[in-house]
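Just one chain is shown here, as structure tokens, and it is the form predicted alone.
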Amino acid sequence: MTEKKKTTIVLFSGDYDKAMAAYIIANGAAAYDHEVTIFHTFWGLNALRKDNQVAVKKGFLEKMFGKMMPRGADKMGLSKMNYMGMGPKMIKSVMKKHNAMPLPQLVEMAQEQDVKLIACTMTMDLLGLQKEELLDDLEYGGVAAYIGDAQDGNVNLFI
């Protein structure tokens, strides 16, 4: 019996289009029976934020980070052509017209396909994010958690 191929992705970017690419690749690899891990760090954690504000105790700087970062996958901006929020609205309209799956649904699909979604705990500490503010059914870990999966990976991507 052959061992499953492994695909790992570091999602560093908080851009909607880059996060979409990461999740499209992850879902495709999972469909091809790969064991898939997405390690969300820095701005990539925004893809895992809940849409609604969660009441948690935070210091001043942590509150400021929380207000400045997009709340959830659907609120992320585009890497190019953001145009003060108009770009994401335009691309979402085109995606809907062509029946392309939006990022929040790609995240859900990844969870349904047992893609391992890891939130970087070091970055969560730096940005003042707490587990209650992120989606359910995530894993939490640091660099060692990612390296543990990546060292045997057949495909390793940084987005």
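Note that residue numbering begins at 1 and tracks the sequence as displayed. Here the structure is a predicted model, which means the values were calculated and not measured.
Quick note: we don't show the form predicted in complex with another copy of the chain, though the next part is all about it.
- Taking non-hydrogen atoms only, residue 52 never approaches another copy of the chain to within 4.5 angstroms in the predicted bound form.
- When contacts are judged by a 4.5 Å heavy atom cut-off, residue 57 does not count as touching another copy of the chain in the predicted bound form.
- Although the partner is absent here, residue 28 lies within 4.5 Å of another copy of the chain in the predicted bound form, judged by heavy atoms.
- Taking non-hydrogen atoms only, residue 62 approaches another copy of the chain to within 4.5 angstroms in the predicted bound form.
- Comment: another copy of the chain is not present in this chain, but in the predicted bound form one of 110, 134, 118, 69 has a heavy atom within 4.5 Å of it, namely 69.
- Contacts with another copy of the chain in the predicted bound form, taken as any heavy atom within 4.5 Å, map within 21 to 43 to 21, 24, 25, 28, 29, 32, 34, 42, 43.
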